[in-house]
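Shown next as structure tokens: one chain only, the form predicted alone.
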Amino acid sequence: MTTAPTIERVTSGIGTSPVRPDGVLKLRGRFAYASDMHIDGMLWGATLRSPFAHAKIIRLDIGPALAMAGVHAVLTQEDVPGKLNFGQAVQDQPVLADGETQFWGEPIAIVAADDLKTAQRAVAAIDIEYEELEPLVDSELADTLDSVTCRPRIRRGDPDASGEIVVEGYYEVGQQDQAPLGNEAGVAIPDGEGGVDLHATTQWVHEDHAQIYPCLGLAPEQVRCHPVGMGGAFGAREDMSMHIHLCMLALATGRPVKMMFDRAEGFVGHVHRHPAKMWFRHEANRDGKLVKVEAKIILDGGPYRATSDVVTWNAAYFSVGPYVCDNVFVDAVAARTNNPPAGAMRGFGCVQSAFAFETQMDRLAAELQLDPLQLRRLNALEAGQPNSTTGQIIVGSLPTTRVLDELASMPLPPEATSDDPRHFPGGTGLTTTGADIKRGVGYGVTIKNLAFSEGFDDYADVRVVLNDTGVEVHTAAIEVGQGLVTVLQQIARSVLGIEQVNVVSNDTSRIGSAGSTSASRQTQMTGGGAYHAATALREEILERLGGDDLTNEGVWSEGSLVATLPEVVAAGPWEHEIRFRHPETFPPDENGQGDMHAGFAVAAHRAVVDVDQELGLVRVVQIDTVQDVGRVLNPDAAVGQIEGGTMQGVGLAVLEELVLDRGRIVNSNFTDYLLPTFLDAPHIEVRFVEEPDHWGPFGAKGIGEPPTISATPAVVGAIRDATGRALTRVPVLPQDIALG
């Protein structure tokens, strides 16, 4: 029998904020991102893309490109050696368009040349003729035409139930881009034996691998996908972009091939957040208790399935929010259109629903003449109660009331007294004076599932090794900048009592899947795997060597050193691998009912904004936020995740939207696609509610997604409070606010 690990034995275990191993490199500009990769003798790849959202290809002649000096390959759909289509859930997206294009920017042909300029000139030399077709760009029309990929349906309670107070509204969410600062990039290297090694931006190397090798007509072991340095993802890299193309070009030429999208091509090359059109109806009693919620949610998924089904189900599952309601009836739709492809983005369907249901809660509070936070507290969902949409009893922690009470206790900022124009809406543009500014306060509260749901076999393979370099944690989990590597080190240190821990990123041939870096899952899944593998290794060491504790010095028994750490290592080998799974989940029944989710987290935001209503300008002054985190493993990283997520929510509220013209993106650059900058950033105050959960390591929960979800309705609610405008669409534009 061994003693439980004592985390205080190490100085940089859980509960601390150690220096990140990638931090100094990134600060000094020396970190190797995917776009920095270079191999002697490599070629460059480029892509011919459709200039229309929907078109027939009348003629395609690659001869002029092939004839150019320095061009080594020009490939089309006819050159795909294996399966012609790929996709996560359903393989419905062509590797290269064949006969007809379904979205603006769809790949048609790929080129490999000596250098990037030559590759781009070769793309331009391809002789192609199109017949433009009328694109389907209206998601509501697509619903009417039954051009959809799925229709989630929630039926719970009594359809005849009614409340005395009724509010209903129609809401829209524009298409937000993940806008990671790191470019999509990759290098494919042929192995000389018919196989290939791929190093490309991704959030899930094993899922990429499962889609790539069938399209290449190769055996699984002939393709190896490697993690690479990433400059953000937020869902943009969960679906593939250049991956199969790189491998095709490398195999066709027998040379390494590199691709790197510039900013404009990046906007075309990855999926985006689903734009939404939603109708909601809330009914409540005069005491403020919710009686019934009805909703119709239409998400625009673009032409291919990608992850639209699960995103749309999530929008339905969390259409009531963290509130108790016994009667819920929701119809959701994933529309199939010729708009840009949509897929995963931080918040995964919950963002769209939360904007609608939180606006409804504000409207209901106004009708009842209740404080908005009081109404939310009155209806708060807690552990042990059934989820309002699915009926699932909440197991583990869900301290919704504590989160709301903590938020209510945070002080509001003082009224502005400075004459500094940087503190006014419009900033140094000197557009206003203090006398024209109105201040508003708004709230946003959300619930989000953690990890994959609906019976998906969600697991993470982790291997922990003790050798003469210290402890190694082997995983294929992708570090996208969120600090996963640091947290894995902290977990292993705390369990094993050894400071020296390195995280080794393995390719698909060396370890099993860690799942996707998405769904707020990696801390609990790969972190959970590291915890259990390290615990098993520790117990094995102590059992074999007859000790009761393990530290940096070695094995101890009753306060005496039994074996030094070098002696422990010499007594090895010491290695333990585990496949960690979260609590079992199940698919929904025909009414969307059942135990679909492994766990939940709640978050709440309060936004304070100043508005110049004459010009429609907004300054977000302060955002206070409280989040249910289970247990904080790394305080600085947790604050950083919440601050970053909050700013993405601010961006959706007042700035970010892809503007489309017949399915064509007209603002595919960082000049016209407006991201919040440091000058737009409010003061953000973060607090945690720690109530350990039932399956995360040390009781921790995932953190990354909830702040993005509830920040948007809080900011818009504050603008609404300042102006009295209905504001039923995001992003809120100046013309939505301005008087006139």
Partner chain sequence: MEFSRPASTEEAAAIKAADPGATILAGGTDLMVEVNFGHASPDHVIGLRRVDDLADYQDTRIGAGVTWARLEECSHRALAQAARTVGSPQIRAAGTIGGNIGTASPAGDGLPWLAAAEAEIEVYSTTRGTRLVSWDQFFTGVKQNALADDEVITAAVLPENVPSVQEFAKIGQRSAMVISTVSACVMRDDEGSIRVALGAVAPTPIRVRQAEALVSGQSNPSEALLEEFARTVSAEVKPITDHRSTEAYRRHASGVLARRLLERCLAQ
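Positions refer to the first chain, counted from 1. Just so it is clear, the structure is predicted and the values come from calculations on it, not from any experiment.
Keep in mind that the form predicted together with its partner chain is missing from the display, and what follows is about it.
Asks: Which one, L615, V324, A89, I165, lies within 4.5 Å of its partner chain in the predicted complex by heavy atoms?
Replies: Of L615, V324, A89, I165, the residue with a heavy atom within 4.5 Å of its partner chain in the predicted complex is L615.
Asks: Given that its partner chain is left out here, which of Y130, F670, F586, W279 has a heavy atom within 4.5 Å of it in the predicted complex?
Replies: Here the answer is residue option F670.
Asks: Answer for G429 alone: is it within 4.5 Å of its partner chain in the predicted complex, judged on heavy atom distances?
Replies: Within the cut-off, so yes.
Asks: Would you classify L370 as touching its partner chain in the predicted complex, given a 4.5 Å non-hydrogen atom cut-off?
Replies: Heavy-atom contact with its partner chain at 4.5 Å: absent for L370.
Asks: L145 near its partner chain in the predicted complex, any heavy atom under 4.5 Å?
Replies: Contact check for L145: no, nothing within 4.5 Å of its partner chain in the predicted complex.
Asks: Within a 4.5 Å heavy atom cut-off, is L66 in contact with its partner chain in the predicted complex?
Replies: Looking in the predicted complex, residue contacts with its partner chain do not include L66, since no heavy atom lies within 4.5 Å.
Asks: Name the stretch: of 693 to 701, 41 to 49, 58 to 66, 670 to 678, exactly one has residues whose heavy atoms fall within 4.5 Å of its partner chain in the predicted complex.
Replies: Contact-bearing stretch, as computed: 670 to 678.
Asks: Even though the chain is shown alone, can you say which residues of 309 to 346 have a heavy atom within 4.5 Å of its partner chain in the predicted complex?
Replies: Counting only heavy atoms within 4.5 Å of its partner chain in the predicted complex, no residue of 309 to 346 makes contact.
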